[in-house]
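One chain comes next, on its own, written out as structure tokens in the form predicted alone.
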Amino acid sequence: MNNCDVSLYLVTDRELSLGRSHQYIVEQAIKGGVTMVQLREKNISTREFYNLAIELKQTLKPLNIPLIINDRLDIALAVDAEGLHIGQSDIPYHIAREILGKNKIIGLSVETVEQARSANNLDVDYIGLSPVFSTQTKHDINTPLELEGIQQIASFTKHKTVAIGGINTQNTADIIKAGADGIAVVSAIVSQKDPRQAACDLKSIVDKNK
């Protein structure tokens, strides 16, 4: 299993970035304490996705912060990203692992306690608990897991857990206390006026409650 720090995991979203570039948001968020960055883009061409990934990798690589590509195994391979994040309906984990190799980070979204149990049979590097609360950034999701779901999954999973969905400074402490190893956020950083300060605030809450 690869060692990755999931404490504060930034997931990008151009539509929520108030017109600012990925590059700007990511650079500021890293200064605030982000430990991993996932490039998630649903509505752009493959070439655009590739170019964005290359750009972000150049920023992240010298800082030793992993670039994770959402869903697109081809892009992850093309830019030699540090990892790939897959959902339940994406390419099967064992195929992704076979193609990417054992040194790459692979994360898997789990939306139910049952899926988290099944994930114990896989050598994924972390599981994304999705969604913890209801959120505006994803519309095709299951019933929120809530804090009880995090506690239940944390009690048996062998994987690192990162919570995503509706997370902000008000509920981060409760999420970490419930047993999550980290939080993944979109709008709580990318939509904030000062992404660096937003990241800093979240990271200090995570660190304080671990």
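Keep in mind that this is a model prediction, so the values were computed, not measured. Throughout, we count residues from 1 along the sequence that is shown.
There is another form of this protein, the form predicted in complex with a further copy of the same chain, and it is not shown here; the text below is about that form.
No residue in the set Ala116, Phe133 and Ile150 has a non-hydrogen atom no more than 4.5 Å from a further copy of the same chain in the model of the complex. Comment: a further copy of the same chain is not present in this chain, but in the model of the complex one of Asp125, Asp71, Glu111, Glu82 has a heavy atom within 4.5 Å of it, namely Asp71. Contact check for Arg47: a heavy atom falls within 4.5 Å of a further copy of the same chain in the model of the complex.
For Asn121, no non-hydrogen atom is located within 4.5 Å of a further copy of the same chain in the model of the complex, even though that partner is not displayed. Contact check for Asn103: every heavy atom lies farther than 4.5 Å from a further copy of the same chain in the model of the complex.
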